[in-house]
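Quick setup: one chain, the form predicted alone, written in structure tokens, and binding and motion questions come after.
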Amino acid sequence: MQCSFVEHRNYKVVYRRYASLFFLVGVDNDENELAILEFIHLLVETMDRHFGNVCELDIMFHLEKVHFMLEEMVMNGCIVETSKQNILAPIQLMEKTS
């Protein structure tokens, strides 16, 4: 596991690597870096649950689903949902109806 924080002017970039994937989140200096790392980890776990072992192709070919997951997790810049089941429920419902 590798994680890093980079500060630049009044902002921070929090990033984490999972195999060949890098996830980056830009935040202001008031944000808690560890909370952002937990958010990244939750996102990756949620994508793993949906796609199996998530890879670049899953994200590239199903970008709308990844955006939908993020929209379920974050609203107005705040994390509002942390339950993987609740995040994936609307996506699973849409897949059943199509």
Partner chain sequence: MDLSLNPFSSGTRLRDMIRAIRASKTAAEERAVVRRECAAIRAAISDNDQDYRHRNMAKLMFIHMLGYPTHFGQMECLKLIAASGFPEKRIGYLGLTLLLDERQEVLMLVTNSLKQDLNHSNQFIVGLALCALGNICSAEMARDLAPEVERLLQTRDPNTKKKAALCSIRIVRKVPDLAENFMGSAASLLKEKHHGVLISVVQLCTELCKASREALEYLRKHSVEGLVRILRDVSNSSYAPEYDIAGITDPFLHIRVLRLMRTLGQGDADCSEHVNDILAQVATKTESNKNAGNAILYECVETIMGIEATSGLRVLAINILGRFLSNRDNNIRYVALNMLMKAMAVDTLAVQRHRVTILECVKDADVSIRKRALELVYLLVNDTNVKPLTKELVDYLEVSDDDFKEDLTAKICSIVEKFSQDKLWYLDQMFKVLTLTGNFVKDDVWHALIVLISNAPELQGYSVRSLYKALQASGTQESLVRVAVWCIGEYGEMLVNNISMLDVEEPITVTESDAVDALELALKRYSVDVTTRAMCLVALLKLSSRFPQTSKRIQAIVVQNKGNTVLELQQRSIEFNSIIQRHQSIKSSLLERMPVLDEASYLLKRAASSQATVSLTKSAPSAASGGSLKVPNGAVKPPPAPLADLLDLSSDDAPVTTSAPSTAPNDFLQDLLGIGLIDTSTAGGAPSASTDILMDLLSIGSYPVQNGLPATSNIGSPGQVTKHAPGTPQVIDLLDGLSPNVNAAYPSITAFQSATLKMTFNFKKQPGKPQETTMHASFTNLTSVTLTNFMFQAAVPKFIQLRLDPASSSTLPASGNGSITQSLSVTNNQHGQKPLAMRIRISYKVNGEDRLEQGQISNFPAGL
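Note that the structure is predicted; figures quoted are calculated from it, not measured. Residue numbers count along the first chain shown, from 1.
Although not depicted, the form predicted in complex with the partner chain is the subject of the following passage.
*Could you tell me if Asn53 has a non-hydrogen atom within 4.5 Å of the partner chain in the model of the complex?*
The answer is no: Asn53 has no heavy atom within 4.5 Å of the partner chain.
*Contact label in the model of the complex: Asp48 to the partner chain, heavy atom within 4.5 Å*: No, Asp48 is distant from the partner.
*Distance check, Leu24 to the partner chain in the model of the complex, heavy atom within 4.5 Å*: Heavy-atom contact with the partner chain at 4.5 Å: absent for Leu24.
*Looking at the partner-bound form in the model of the complex, is Ala19 within 4.5 Å of the partner chain by any heavy atom?*
Taking the distances in the model of the complex, the answer for Ala19 is no, it never comes within 4.5 Å of the partner chain.
*Residue by residue through 71-89, tell me which have a non-hydrogen atom within 4.5 angstroms of the partner chain in the model of the complex.*
Those in contact are Glu71, Glu72, Met75, Asn76, Cys78, Ile79, Val80, Glu81, Thr82, Ser83, Lys84, Gln85, Asn86.
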